[in-house]
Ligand SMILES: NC(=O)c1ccc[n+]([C@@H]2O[C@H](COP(=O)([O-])OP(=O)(O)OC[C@H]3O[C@@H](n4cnc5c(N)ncnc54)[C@H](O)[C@@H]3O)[C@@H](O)[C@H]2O)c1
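Shown here is one chain on its own, the form predicted alone, set out as structure tokens.
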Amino acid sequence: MATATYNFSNKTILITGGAGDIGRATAHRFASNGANIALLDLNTTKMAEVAIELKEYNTKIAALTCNLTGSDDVDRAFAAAIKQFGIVDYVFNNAGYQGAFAKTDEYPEDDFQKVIEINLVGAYRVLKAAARCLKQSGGGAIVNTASYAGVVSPPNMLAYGASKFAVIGMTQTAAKDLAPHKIRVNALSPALIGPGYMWTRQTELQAATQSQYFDADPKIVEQQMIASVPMRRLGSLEEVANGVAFLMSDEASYITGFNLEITGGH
């Protein structure tokens, strides 16, 4: 598959969840097109590994520890990125937590609260900091990671689905609020992306719920899920990163308040 080339030279993108699979793939995508990268994550070991990988592109890299459950920590990380790079042009608001898989009447309340705290309140904290940052610099673009779970309401994912529905709504409101400041806000909704840890975890946990929707064998669950995709395949991390790059690029300068669904087919 041909990959569009965008010019992000002398631009800086801040990526939350920078140690995860999607954050890592997106960091590679932007660095390969000349962008400086500010990685934010709690997993300092994996984030350091990503930072080392990115050195091949000869752009500037920062690895900043950040906990989304506190506004002060988010603000501190943004301030550190601005101190190092001078300006932040794009923010990929990507960090998240998949949470438990359980039927509605069995879903653990503490996990529900954790999912909402990270995926929604944490995303709000980053969105707010990003808006303030980009207003000061004269504009830019924000992409929030939502999920196809926030569109189709998969079974046994009560908290995750609710959090991602809310992220899509938050994106649409923020897009209207920030448009006068030349800030575009869009969402990206990956569906079945793999192979990788998250895909394997999802099939195993869906199998364990013993619901009417999926088999008890994770291998059969994989087949059931892929059968729901029109192209009968998983989407790739590179396709997700390409979607982020497009939404940040000048070619998408007319797009705001949009939710781009990466469903594993074209």
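Position 1 is the first residue in the sequence shown; the rest follow in order. Bear in mind that the values here come from a model prediction, so they are computed numbers and not experimental data.
Beyond the structure shown, there is the form predicted together with the named molecule, which is absent from this document and is the topic of what follows.
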Inset, instruction - Tell me, yes or no, whether residue 19 is in contact with the named molecule in the model of the complex, where a contact means a heavy atom of each within 4.5 Å. - result: yes
Inset, instruction - Tell me, yes or no, whether residue 224 is in contact with the named molecule in the model of the complex, where a contact means a heavy atom of each within 4.5 Å. - result: no
Inset, instruction - Answer with yes or no whether residue 66 is in contact with the named molecule in the model of the complex, where contact means some heavy atom within 4.5 Å. - result: yes
Legend entry - Distance check, residue 160 to the named molecule in the model of the complex, heavy atom within 4.5 Å: yes
Legend entry - The single option of 198, 62, 205, 31 touching the named molecule in the model of the complex, heavy atom within 4.5 Å: 198
Inset, instruction - Check each of 102, 116, 191, 183 and return the one that places a heavy atom within 4.5 angstroms of the named molecule in the model of the complex. - result: 191
Inset, instruction - For the three residues 43, 96 and 146, verify that every one has a non-hydrogen atom within 4.5 Å of the named molecule in the model of the complex; reply yes or no. - result: yes
Legend entry - Segment that reaches the named molecule in the model of the complex - one of 52 to 60, 31 to 39, 66 to 74, 213 to 221, heavy atoms within 4.5 Å: 66 to 74
Legend entry - Contacts with the named molecule in the model of the complex - residues in 161 to 180 whose heavy atoms fall within 4.5 Å: 164
